[in-house]
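Single chain ahead, written as structure tokens, the form predicted on its own.
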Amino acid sequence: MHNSSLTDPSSTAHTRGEASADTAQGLAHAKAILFGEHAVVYGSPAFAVPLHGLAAQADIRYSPGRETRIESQLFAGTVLAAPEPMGPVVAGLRAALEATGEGIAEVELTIRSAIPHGRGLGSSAAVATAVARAVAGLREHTFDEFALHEIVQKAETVAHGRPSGIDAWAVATPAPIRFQGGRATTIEVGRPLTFVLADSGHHGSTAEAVAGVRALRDSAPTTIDPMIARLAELTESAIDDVRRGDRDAIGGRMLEAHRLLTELGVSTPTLGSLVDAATAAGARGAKLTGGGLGGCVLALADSAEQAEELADALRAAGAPRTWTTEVSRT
């Protein structure tokens, strides 16, 4: 079982980082879209769950007399020398510093993240959230949830062009959320839910997947529109199931959603084989999560013990990595 060694606190809003003297730390978790992929593009709701087993951590300290530096797995050097892939981090750092009202400072930022990049798990948003929380702690400042969201959206705009905003909310909120039209509301969980996340080993391409579904819809709206409407219905029904803690219903809806996403052309043979492996091993349900054409599969287990069996089966089916996480009862 491969789990992150970083932990993500989930009992408060975490709009301010933890600080000590001239240093501070910020944390954020990954997220997975449980229902609503692609339907959300057309105004329908999406349902995202936190993945507390995967986290990003930012540590920041004052470094007087030195240029601002970033240390990370991808890059180590000054902000001025940061390559294009570090653009979202630089944008998030600058936005957070400016939001404290004190402008750019001489700091050293160290980032560690266990969230795989390009898998639809909110990696860039989680890093930006951790950075913003660290800056808040360093400056003894508090960002409310809307100020934090605005900072992270600036980083996400650099990363993705036109972000919907779901990642920025989902990685900063300890509970599951319903997202629609830029607004997020938390969802009560009636019974703990244990998920196994399996990496397909391939980067997803949300832009390509969205464009493909749009082309299908333009060519055959009478076929595609009912499928998108059904995905929206599954999302709303699943929210009620989660409130009741009905694992059977949630699992069944996951399988139906995956079938619909496959018909929309955003699954792949690898994703399909992982879903099949999870269900054969006893998962209540399984589906791709995120835009598709790569990324990850999410499987619903009955317990932590069964989750270990599912993880073994998924790795045997070709997943290079798996993670287990619990969505706690609220």
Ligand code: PMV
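Quick caveat: nothing in here was measured; it's all calculated off a predicted structure. When you see a residue number, it is the position in the sequence shown, counting from 1.
As for the form predicted in complex with this ligand, it is not shown, yet the points below apply to it.
Engineer: Indicate whether this ligand has at least one heavy atom within 4.5 Å of a heavy atom of G120 in the predicted complex.
Structural biologist: Contact check for G120: yes, within 4.5 Å of this ligand in the predicted complex.
Engineer: Taking heavy atoms only, is S164 within 4.5 angstroms of this ligand in the predicted complex?
Structural biologist: It does: once this ligand is placed as it appears in the predicted complex, S164 has a heavy atom within 4.5 Å of it.
Engineer: Looking in the predicted complex, any heavy atom of H29 within 4.5 Å of this ligand?
Structural biologist: Contact check for H29: no, nothing within 4.5 Å of this ligand in the predicted complex.
Engineer: Against this ligand in the predicted complex, would H38 count as a contact residue? Criterion: heavy atoms within 4.5 Å.
Structural biologist: Within the cut-off, so yes.
Engineer: Name the stretch: of 64-72, 276-284, 290-298, 50-58, exactly one has residues whose heavy atoms fall within 4.5 Å of this ligand in the predicted complex.
Structural biologist: The contacting stretch is 290-298.
Engineer: Taking this ligand in the predicted complex as the reference, which of A99, A114, V210, M86 has a non-hydrogen atom within 4.5 Å?
Structural biologist: Here the answer is residue option V210.
Engineer: Here the chain is shown alone; which of S200, T173, T235, T206 has a heavy atom within 4.5 Å of this ligand in the predicted complex?
Structural biologist: Answer to the contact question: T206.
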